[in-house]
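One chain is shown next in structure tokens, namely the form predicted on its own.
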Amino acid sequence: MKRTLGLISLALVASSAFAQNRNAIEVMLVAANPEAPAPTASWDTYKMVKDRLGIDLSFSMLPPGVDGDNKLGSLAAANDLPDLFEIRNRSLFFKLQEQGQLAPVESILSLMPKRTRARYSDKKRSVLVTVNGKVMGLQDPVNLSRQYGILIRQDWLDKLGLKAPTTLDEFLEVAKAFTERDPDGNGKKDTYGFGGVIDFDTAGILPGLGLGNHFQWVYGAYGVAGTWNYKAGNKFAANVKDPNYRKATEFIRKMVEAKVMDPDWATMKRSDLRTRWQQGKYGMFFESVGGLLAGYRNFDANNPKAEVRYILAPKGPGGKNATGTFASAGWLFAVSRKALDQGKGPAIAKFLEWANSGEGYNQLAWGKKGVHYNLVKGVPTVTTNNPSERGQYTQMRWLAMNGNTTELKGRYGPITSADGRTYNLYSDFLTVARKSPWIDRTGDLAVPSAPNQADIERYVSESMVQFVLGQRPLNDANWTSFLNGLRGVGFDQYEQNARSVLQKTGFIK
């Protein structure tokens, strides 16, 4: 027992010494590669950081979602937040700020000039983390936004003698042909025109209220994509109150009635969607560039000689189109008040500047050169066939990645099919999917959640599902009843707060 107590005491002393060493920093981030484990104690990045910067680095992984929020909350309650950490829940960010747990970061910005110039000099992003005139967080720009789009089976178009749709009406006609004319030639009616699910992924894209990301392009065709309209003064309102929001919902109802969508769409998960487009079930589907890259091998194996490509979002009756809404702000990092009080600001700045470019960037973002990647004409190109090992090695990559052209070329290079055809994923993504109109709604991140935010989101989403599935007839009486019901969940106050904050932060006049 004495030996055990002795070991515990030594460990506590060592831990305390680490915490108070101004050249020792503890970093806690959500795993960049959740499918891979945390780096081991022998991770050579630790030695590299010690040798190059004189810093003792400690890294641990934060659970995603609510578990991560709870962990940060517990650490804050014990006044034991890490020196530098990631925070994805903005409500929690402001709560920690109110509790005095976060440090203003202006003093370290000047110590990392390259990183500050590249990432923290945009006023619109800085205002998202500014409280009473002080910048309380490191708001990185998004390193991959607008990465989703509508993909179409070009080989099915060619077989049926069709052209890619450019309007909603054309979209429905093509979807009907993909559903009814046996485009895969197997003699069975087992294909659907469009594949999408109710999904609220927020990685570089803002889903808004209602049916989520995969149907924002329909609302965009009616000029009501996203949650707010961003109009000045009294014209500011939630898009859900706009008559065009109902028209967009009616179009989705029309797709359901025409049976051009997978009948399981309302209950499917994103993983189900991916399995089915890889099986060749859909002629058009909503997918990210990363999802396409990850699933292309299976798709190619199941559908030899098949060809997919991104198309522009179809236009609505008024000529408008938008794939969806996005924010220019990405990962948010915070420095604990405790770290700054212990004099660790310079070490944190030195480490972040190292991660921003050159050796540090490559080490964190791509792994070990010659093992995990090589530079091919200046473009980092992954060479390893062991994604788990590389994933473990690059768990801190979001501190480094920046979304520039070279990086995107490295992440999304050409794909070669089994029969030797090459699909330039990067080119298609940049020239079609990303150039399809998107609406910048960065200000949404400044809008505080309502006390009953989950109730509001559930009410709108479930109502839309009922309308498009026909469980609730989409007529004047029911739509009016739905709008009146918004008041019952406190929507007017939520809307009023949103307008006030967006005006105060300069996102609307």
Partner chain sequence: MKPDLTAEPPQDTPLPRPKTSTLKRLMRHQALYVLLIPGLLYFVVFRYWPLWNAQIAFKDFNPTLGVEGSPWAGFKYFIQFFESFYFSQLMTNTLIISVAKLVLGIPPAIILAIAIHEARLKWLARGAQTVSYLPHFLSWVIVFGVLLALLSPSEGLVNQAIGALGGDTIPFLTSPEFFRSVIVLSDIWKETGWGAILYLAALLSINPTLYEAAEVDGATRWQRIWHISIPGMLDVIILVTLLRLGHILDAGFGQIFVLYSLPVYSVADVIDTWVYRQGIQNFQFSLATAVGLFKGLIGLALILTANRMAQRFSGRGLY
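Positions refer to the first chain, counted from 1. Here, rigid core means the biggest group of C-alpha atoms that superpose within 1.5 Å across both forms. What you are looking at is a predicted structure, and each value in this text was computed from that prediction instead of being measured.
Not on display, but discussed next: the form predicted together with the partner chain.
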Inset, instruction - Work out which of 99, 404, 416, 431 lies within 4.5 Å of the partner chain in the predicted complex, going by heavy atoms. - result: 99
Legend entry - Of 241, 276, 181, 369, the one that lies within 4.5 Å of the partner chain in the predicted complex (heavy atoms): 276
Legend entry - Candidate stretches 38 to 46, 55 to 63, 447 to 455, 23 to 31 - the one whose heavy atoms come within 4.5 Å of the partner chain in the predicted complex: 447 to 455
Legend entry - Non-hydrogen atom contact residue 79 with the partner chain in the predicted complex at 4.5 angstroms: yes
Legend entry - 4.5 Å heavy atom contact, residue 263 and the partner chain in the predicted complex: yes
Legend entry - is_contact(residue 479, the partner chain) in the predicted complex, heavy atom dist at most 4.5 Å: no
Inset, instruction - Flag residue 465 as yes or no: does it have a non-hydrogen atom within 4.5 angstroms of any non-hydrogen atom of the partner chain in the predicted complex? - result: yes
Legend entry - the partner chain in the predicted complex: contacted by all of 70, 91 and 198, heavy atom 4.5 Å: yes
Inset, instruction - Could you run down 284 to 307 and flag each residue that has a heavy atom within 4.5 Å of the partner chain in the predicted complex? - result: none
Legend entry - Rigid core fit then residue 309 CA moved by 2 Å or more between this form and the one not shown: no
Inset, instruction - Align both forms on the core first, then report whether residue 186 has a C-alpha shift of 2 Å or more between this form and the one not shown. - result: no
